[in-house]
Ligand SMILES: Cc1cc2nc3c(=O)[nH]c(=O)nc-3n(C[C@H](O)[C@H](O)[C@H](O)COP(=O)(O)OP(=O)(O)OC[C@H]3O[C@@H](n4cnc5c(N)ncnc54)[C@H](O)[C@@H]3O)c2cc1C
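Given next, in structure tokens, is a single chain: the form predicted alone.
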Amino acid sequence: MTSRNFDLIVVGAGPAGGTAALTAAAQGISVLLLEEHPTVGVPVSCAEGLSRSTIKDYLDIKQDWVSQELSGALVRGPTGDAFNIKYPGVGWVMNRMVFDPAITKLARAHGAVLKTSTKAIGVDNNEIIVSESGIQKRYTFKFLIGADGVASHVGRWFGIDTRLSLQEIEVCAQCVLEDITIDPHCTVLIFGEEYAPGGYAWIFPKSRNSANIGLGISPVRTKKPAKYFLDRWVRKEFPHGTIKAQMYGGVPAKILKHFSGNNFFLIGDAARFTDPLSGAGIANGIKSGVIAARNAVLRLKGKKCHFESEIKHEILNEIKFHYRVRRVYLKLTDREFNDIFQVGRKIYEGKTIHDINTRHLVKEILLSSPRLLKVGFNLLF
């Protein structure tokens, strides 16, 4: 019979929650991991891209978690012109249906208890109330980590305003497309109003003939739904492709004033740690999960924790800069996008790189165009 009392309860078994449960359980404390869906890793609501450099000190990626190794990108601008970025070993397209369960399996091997089909529905003092396969139950915790995604309830239960305005969200549509011919080691990034107003479109290869094909748009830039742009793109460029799955969702682009308290932390999308410029969330989910678990254990042992300062150094400083860049990005026209495209081509085309410094790139872009400098300087600096 499962105990009803745990040192740590983690809500959500995605990359953030799973990594938190694994890290904490490996240090010998009792951990309960709650997942509302029947199967960890399903459904997938993610492009599944992960950069090697962002998690090199946090998690070793196993080959069987990966759909495809990546070695570069093709960048396409508003006019249809394109250039290649050669970046050997840049990262992977993950298989989230394998990766997420693998992390929770490792957590269980260290003693964590996993409960699926278990939805957290409230907090009452040091108890979490859940609907477990339709039956209401309570579990006692000493510390709680909320990793329950963009629609996080945990934050609201602790009085944190996690609401998102239209300016603080990207609306995404994606499909898994098969029977197409693509470069299996190269992502494709497409910019311009025709494809994704206020965002960008992507192709993340899963094999030589299949990919995650999707886009994110800003609702402040268009009234049309993301599905409209995705359907139009697929019909135009992949008329013979076979759609195997479709998914829709939102990506937060907000910075919370608070994401922790005396007995809880928020991590991953629940804490709005998604990159507001790229929409990438797996890496910061993993990083925040590891950081939160380490510091939760310190709290439980009566020691000083450094959660806020570690998050600031490892995640928030970059997010805040990218948030300012996004404010400029949302004001750009296709003409200005094309100027940016030409700067990118000048910097990257024909070269092999091993790092992309966003601050340096933004500086080069602003200095390249009086129009961009005028738009961007005040918002960024």
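Predicted model, so just to flag it, every value in this text is computed and none were measured. Note that residue numbering follows the sequence shown and begins at 1.
This protein has a second form, the form predicted in complex with this ligand, left out of what is shown; the following refers to that one.
- Comparing 70-78, 254-262, 302-310, 147-155 against this ligand in the model of the complex, the single stretch with non-hydrogen atoms within 4.5 angstroms of it is 147-155.
- Put simply, of 279, 198, 205, 91 only one has a heavy atom within 4.5 Å of this ligand in the model of the complex, and it is 279.
- Note on contacts: among 30, 27, 338, 45, the single residue with a heavy atom within 4.5 Å of this ligand in the model of the complex is 45.
- Looking at residue 16, you'd find a heavy atom of it within 4.5 angstroms of this ligand in the model of the complex.
- By the criterion of a heavy atom within 4.5 Å, residue 11 is counted among the residues contacting this ligand in the model of the complex.
- Residue 37 belongs to the set of residues with a heavy atom inside 4.5 Å of this ligand in the model of the complex.
- Contact annotation for residue 250: at least one heavy atom lies within 4.5 Å of this ligand in the model of the complex.
- Interface residues of 86-112, taken as those with a heavy atom within 4.5 Å of this ligand in the model of the complex (partner not displayed), are limited to 96.
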